[in-house]
Every structure is written in C-alpha cells, then in structure tokens.
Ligand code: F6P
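Presented below, as structure tokens, is a lone chain in the form predicted alone.
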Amino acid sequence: MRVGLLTGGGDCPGLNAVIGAAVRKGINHYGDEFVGFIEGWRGVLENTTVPLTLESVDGIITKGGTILRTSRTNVRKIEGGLEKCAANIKANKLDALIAIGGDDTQSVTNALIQAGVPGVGVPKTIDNDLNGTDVCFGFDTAVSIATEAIDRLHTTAEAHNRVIVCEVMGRDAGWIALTAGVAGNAHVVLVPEKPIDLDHVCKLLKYNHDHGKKYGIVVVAEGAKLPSGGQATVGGKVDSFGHAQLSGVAAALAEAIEKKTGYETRSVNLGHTQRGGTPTAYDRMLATRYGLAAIDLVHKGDFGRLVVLHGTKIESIPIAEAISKNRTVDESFLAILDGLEPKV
C-alpha cells in the first residue's frame, strides 16, 4: 500500500516516534511506501510532500518536534479546502492516510473520511484532553519538565520568602497543572475545571505562612478562569480553529495575591518549554505503540478510527467519538487536591 502521514496542531514530544514506528513496520512487514505531508494539513492543501524511508526515520525516536513540521491549518475554513485535499491525496495515489494530532486535526481527518478518504488517526495533545484515550503521548514529557521547574522554584521562593505563581499548559483541562502540581508539592493548584477563588488561595498561602513556611508555590493552568470570570488572553486574535492565544493568568494572579496578602509575589510562565526537547522513555514507548497500531488499522481496513490506550492495551475508537468532547479533570482527580489541602 501507499500511505500518507502528517502531523498537525502543536508540536509534541513523541511525534517522531509515531512516524518512525509506522514507517518501519509498514515497510518491513507490509512492503508499504510512505509519503509525508509537510506542515500538517497545509502540506495536504498545497501538496508539499517528502518520501519517508527507513533511512529517513532512522534514529528519530530520540528527537522532539516533528521531522514533518506542523501547522494549525483548518482546511474546512478555506473555500474548496477539503475538496483540494482529497484531490491531492488521490493525486499522490495514496491508499490511506495516517493523521497524527489532537481534536482539531482529527476534526479535519473525520471530515475527509466522510468525503471518502480512507484514513486513521493517532491521538496527540500535550494537554492530555482528547476523549476516549487514557493517555496521549507528550503529556508525560510535559509533566516531567513542569515538575522539575516547580522543584527548582521551591528553593528560590523559600530563599526570598516569596510566593511564586507558575503557569503551565492546559486550555480546557488541568491535567498538567494537577499532575505536576501534586508531584512538585505545590501549595495551591488551579485548573480550568474550577474557577479561581482568590480568597481561598490567599487563605491557603496565609496558612502556610502562619505554620512556618514563609513562601508559597502556586501552579495554575493557562486556561484557569480568573476571579473576574474570564481567561487570560493575548490580544483578540484567534487561530483558524477559533482558539484564543492564552497567556498571562500567572502574572494577573500574582498581582492579585500580592495586593491581597502583602506577600511579595512573582510569576513564571513555562510556555513552550513544556513541549520542546527530547521525549521521555514513556512517551517514546507509547508513541511507538500508537504508530504500530495505526499501520495495522490501515491494513485491516478499519478506517475512520483513532488508536487509543485503555489501561495497558492499545485499542481503537471512532474518530467522531474522540472529537465529540474534551476529556477534563473529573471529580475523582479534583478530590486529590481537596485531600492534600489544609482546612482553612
């Protein structure tokens, strides 16, 4: 078979491991040929391709980013975009397409499948919020980086008797904030699923101060709702999928905390540091398993499906189910934060 591959949306540690695994098994076990589209759906739209061979994917499992590069191109918003993509896929004589990406990327995959393009999906999102899978690759790397940063913030905050507010990724789901915050022994963790209660935050910090800790670490997801009710955004621009650029919640919260408590408060935004660099061993293994499962789906003819992790098993679900809603932090995980907080 002749198979196309693309990576869409934000880059993520582990993308290259998926590419490498799919290509290696496809060539070695099935005798496939592979075509990579450059910069996600933009590459499909503009028919920008590169051949993928055993030589070109050799050793890429250790590298972050994606050798195919990526973009946030929404071809559904471009007049005739879906039709042009379908025509270019046909022009490349592809028997199937493997799309690696989150809900935005997979929404385009789903639309093309409905238009008759044979395709399968691989789940990718730093935020770990794609519905129907227990874990997305890249999440473990992001959490590891965020946890190390929080560990380091403890020492400088304690040395200066400061409160430090650390902003991590998480638009609609607080998985990174929750996991890194708990692992990093943060004193306050704030997620998009619960509006920020500034009075409660300040009470927790005051409790710390009154019980011998003259400093505090607050971890907040970028999409957490400010006391005013909105999210912190940069300008008024949105991307092609309608998402505003989120940033600044930590800075706004730090200012509010200092004003209310009198404690010197600083903010740190980890930003793209979380999604850059080498993937962890866990993410390399998970991404490899996803890549192998994706090429197997292609050869079974199980199109329109997304490979997912359920427990320890790789399975698959309809792409339409995966993009139907976000997987947010539920009450059982929020209870972890409640259980660790002092009663104030």
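Throughout, we count residues from 1 along the sequence that is shown. If you're wondering where the values come from, they're calculated on a predicted model, not measured in any experiment.
There is another form of the same protein, the form predicted in complex with 6-O-phosphono-beta-D-fructofuranose; it is not shown, and what comes next is about it.
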Task: Exercise: R305 in contact with 6-O-phosphono-beta-D-fructofuranose in the predicted complex, heavy atom 4.5 Å - done: no
Open item on the list: Please determine whether R72 contacts 6-O-phosphono-beta-D-fructofuranose in the predicted complex, using a 4.5 Å cut-off between heavy atoms.
Closed with: yes
TODO: Look up in the predicted complex whether R171 has a non-hydrogen atom within 4.5 angstroms of 6-O-phosphono-beta-D-fructofuranose, and give yes or no.
DONE: yes
Open item on the list: With the partner left out here, check for me: in the predicted complex, does some heavy atom of T125 sit within 4.5 Å of 6-O-phosphono-beta-D-fructofuranose?
Closed with: yes
TODO: Mind telling me which stretch in 33-41, 49-57, 305-313, 272-280 gets its heavy atoms within 4.5 Å of 6-O-phosphono-beta-D-fructofuranose in the predicted complex?
DONE: 272-280
